[in-house]
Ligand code: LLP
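Given as structure tokens, the chain that follows is alone and in the form predicted on its own.
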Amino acid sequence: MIGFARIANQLACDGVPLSAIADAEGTPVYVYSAATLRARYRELDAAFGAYPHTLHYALKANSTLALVRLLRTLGSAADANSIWEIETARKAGFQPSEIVFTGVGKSAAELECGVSLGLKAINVESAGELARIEAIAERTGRRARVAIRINPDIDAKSHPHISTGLKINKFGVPIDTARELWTTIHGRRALELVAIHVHVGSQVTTLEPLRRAAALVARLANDVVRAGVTLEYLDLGGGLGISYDGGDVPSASDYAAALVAEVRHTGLPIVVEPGRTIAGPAGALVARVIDLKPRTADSHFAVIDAGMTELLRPALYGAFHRVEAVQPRETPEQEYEIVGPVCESSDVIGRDRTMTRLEVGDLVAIRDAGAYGSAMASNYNRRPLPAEVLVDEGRWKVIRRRQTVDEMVALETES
């Protein structure tokens, strides 16, 4: 049985009861389905068919080493947003030539690292960044491979906190600036322009903005060729959303078909940078109810031992996650506000949720937490980072043990 499903009314992951994992490893605990990771990657890869393409898994979604290694075995390349993600990718077995380096604020040290490694490309965010890359390459006698990130001023209709494609967002360069860059780059011997890059946002649930961005990049690629530059590929970013609430989202096949239709005439391979669409449905955060108390005449607070320190998305931008009892009772449904233990009123996992009766000690599973869960976790209130568990073919193992207080304070001094 693949993914999260019920066996005799108990929620399990790839056939392993979540209660068994929680009893052994404690809560909160992230649980991942290896079968789902494989299935999600293979579905997206197959959707592009014979058209030349490469999937660069976006480590920002979840960079836990065992998961990144698993994706590498499937043929994935890597997309990194910092030198630390680059190092994680390399520890997972990726070669520098398999890594693209994205990010709006690359420090001098990060650019030094990126140039020296000879990455597949550094996705350039400004004219100034391109000049700094060029200076490093000239000084070190290297030729830096770069892609220019376009800000297309396209509204992806996602939450403002995860929108990246509007001119009011900090990402990428305006089209006119990009034209100036590629018309001069041909004579800059320390630079090699290998691609045009675009990324309009995260959790995009309609194809129209993705299609428009791809069409724009294809048109600009023709301009680049006319300027005397030979591109190797088109980087169309990531952003494909998942269904957190049961609503419709584009299928992998529809997504791939939309991109290929817009760029096929260029003959250039496609690079995409999926993260959430692969990792999100593959994970759940398992927590335990630690208190119940009245909220209104008709509802209760259910306080659980996981909150914004383990899953920031609901507090950060009101994101929805399904919450299920691991072993629901056969009782009439009640209304709950599922809240965490952190000393913030924003520490709410789910409002106005209807569930069968909960009791202190019950386990709940917060679904679709495989992306931007552990990657955004923090030690606020001195809460230790949870354990992470990977289930594979009916067996599970700890892929990141629970953090201890001693580990939290190991870098600190007493005076």
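No experiment lies behind these values; they were computed from the predicted model shown. One-based numbering along the sequence shown.
There is also a form predicted together with the named molecule; it is not shown, and the following applies to it.
*Asks:* Of Tyr317, Phe301, Phe320, Trp84, which residue is found within 4.5 angstroms of the named molecule in the predicted complex when only non-hydrogen atoms are counted?
*Replies:* Going through each option in turn, the one that passes is Tyr317.
*Asks:* In the predicted complex, which of the listed residues (Pro152, Gly340, Gly114, Gly275) lies with a heavy atom within 4.5 Å of the named molecule?
*Replies:* The option sitting close enough to the partner is Gly275.
*Asks:* When the named molecule is placed as it is in the predicted complex, which of 258 to 266, 237 to 245, 283 to 291, 85 to 93 ends up with heavy atoms within 4.5 Å of it?
*Replies:* In the other structure, the partner sits against 237 to 245.
*Asks:* For the spot marked by Ser202, Arg313 and Met376, is every residue within 4.5 Å of the named molecule in the predicted complex through some heavy atom?
*Replies:* Yes, the whole trio is in contact, each within 4.5 Å by some heavy atom.
*Asks:* For Tyr41, is any heavy atom within 4.5 Å of the named molecule in the predicted complex, or not?
*Replies:* No, Tyr41 stays farther than 4.5 Å from the named molecule in the predicted complex.
*Asks:* Determine whether any heavy atom of Lys106 comes within 4.5 Å of a heavy atom of the named molecule in the predicted complex, and answer yes or no.
*Replies:* No - in the predicted complex, heavy atoms of Lys106 and the named molecule never come within 4.5 Å of each other.
*Asks:* I'd like to know whether Tyr30 contacts the named molecule in the predicted complex, with contact meaning heavy atoms within 4.5 angstroms.
*Replies:* Looking in the predicted complex, residue contacts with the named molecule do not include Tyr30, since no heavy atom lies within 4.5 Å.
*Asks:* Does the named molecule get within 4.5 angstroms of any non-hydrogen atom of Thr102 in the predicted complex?
*Replies:* Contact check for Thr102: yes, within 4.5 Å of the named molecule in the predicted complex.
*Asks:* What residues of 36 to 59, in sequence order, lie within 4.5 Å of the named molecule in the predicted complex by heavy atom?
*Replies:* The one in contact is Ala58.
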